[in-house]
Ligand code: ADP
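Just the one chain here, the form predicted alone, laid out as structure tokens.
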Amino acid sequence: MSATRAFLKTKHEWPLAPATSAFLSSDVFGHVIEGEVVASASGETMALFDPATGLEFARCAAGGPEDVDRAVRSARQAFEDGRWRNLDPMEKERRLRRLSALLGQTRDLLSDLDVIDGGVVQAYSQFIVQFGIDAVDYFAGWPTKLTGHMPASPVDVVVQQVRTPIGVVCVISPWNGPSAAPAGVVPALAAGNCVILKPAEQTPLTAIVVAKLCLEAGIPPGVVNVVQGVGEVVGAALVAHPGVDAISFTGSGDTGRRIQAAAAPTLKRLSMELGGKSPQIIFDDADLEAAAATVAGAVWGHSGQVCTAGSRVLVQRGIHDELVATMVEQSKGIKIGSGFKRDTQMGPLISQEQLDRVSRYVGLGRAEGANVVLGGERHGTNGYFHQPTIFTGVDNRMTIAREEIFGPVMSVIPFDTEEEAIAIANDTEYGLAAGVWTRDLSRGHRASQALRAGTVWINTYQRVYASVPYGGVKQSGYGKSLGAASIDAFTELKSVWLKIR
């Protein structure tokens, strides 16, 4: 009996959609290259684990350089022969809209897969699935909206400036939101590129579904290929391959720096969304009830495994104790468990490695003198669960305030003045996002201008929309995704000179 079937037999209580049960009936999940699901050239496979139990539930192909080369050759041929980039813009739009419709029809499968291999709770997985669908809907309209312009030029020539696709784009997606993969792939498609999707090795299944739906929507074979495998092998081979023109990466800063170095010899276009240590500043005139709930939710959401998790909570001293008490009271009854349980509010971490990482940082926080006022321990004995944890007495120089933990750990830092809050917030190598809570709109505006972050939310947090650009500054990366910024990222600007006789 395959690992998948044996595992599902023991998990009969899961409320799986029929499409999910059918999909998981495969023994091994392969790459998708030139429109076909194929095994690795080496025949090697790798195990997938359910974070809620720690049990192996499936096996998928483990790619190597030969699989990467095959995928790149397929994508390069598809780009060069123009089967996608030369398609009528209106027809591109029709097929991308068909993809959106198919994703909508497959939402139950996508949501289930996020829960099974990513440990995502149902509410969050449904949000991620809808975000992916919305992004496809938005970018589906771009093929008919790509325009150039005619700059001032001498009278004996006509100069056109047009946007053209880059070529073969490698999209390396993270494990913390598998069903958001279409939001990374479709902008490149809308711009006329061919895409190789490299999913995280922990959560590869959604990428297979997306590639199959692309084919069903009428996107030609070779235009979207998927190669699975560990980053050190498959990701490294894609970054170094001379047939890949651009890399779009979401992940850790350490990996981003290695990608930047490895891509240098071939001068690839890079767009990278890296880590964060985002501050949330709560002033004493804020709506404390709303702030407490949203601020805590921004750290507990997906067990803190979100790049924009507002894990540095800066609180004006006069309301410090009240706000902490409110957050502790709101958070101490959080239901922790499998994402398939309807009352679960916080799921597991992605792996034993991540659980060990979070536990290590909690230990460092205690050792450096911070106070645990909530949580601080592993939850249960099965799976990779950790309690929501709040530290007070945190100084911004402490390790837990400096380094990205990527877990449900909040550091509360007091401040006295607006100027001090901004200084503390900006005293970090990261610059992905920030939050400001105040009823004083002038203060909110001043703070938004002073904060060095790619996104600033005022009296809300972690809102995203397909048309609004997103990305970081400093060590949180460069390049923007979503909105028109994605189209800029995946196109080249070409100048065409025409001599007039």
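Numbers follow the displayed sequence, beginning with 1. All values derive from a computational prediction rather than experimental measurement.
Omitted here: the form predicted together with the ligand. The next part is about that form.
- Note on the interface: of 191 to 199, 208 to 216, 101 to 109, 427 to 435, the segment with non-hydrogen atoms within 4.5 angstroms of the ligand in the predicted complex is 191 to 199.
- Here the marked residues 301, 313 and 409 all miss the ligand in the predicted complex; none has a heavy atom within 4.5 angstroms.
- The contact residue chosen from 231, 376, 414, 275 relative to the ligand in the predicted complex is 231, the criterion being a non-hydrogen atom within 4.5 angstroms.
- Only one of the listed residues (255, 345, 326, 74) places a non-hydrogen atom within 4.5 angstroms of the ligand in the predicted complex, and that residue is 255.
- Using a 4.5 Å cutoff between non-hydrogen atoms, residue 173 counts as a contact of the ligand in the predicted complex.
- Put simply, residue 251 is close to the ligand in the predicted complex: some heavy atom of it is within 4.5 Å.
- In the predicted complex, the ligand lies farther than 4.5 Å from every heavy atom of residue 184.
- Contact annotation for residue 296: none of its heavy atoms lies within 4.5 Å of the ligand in the predicted complex.
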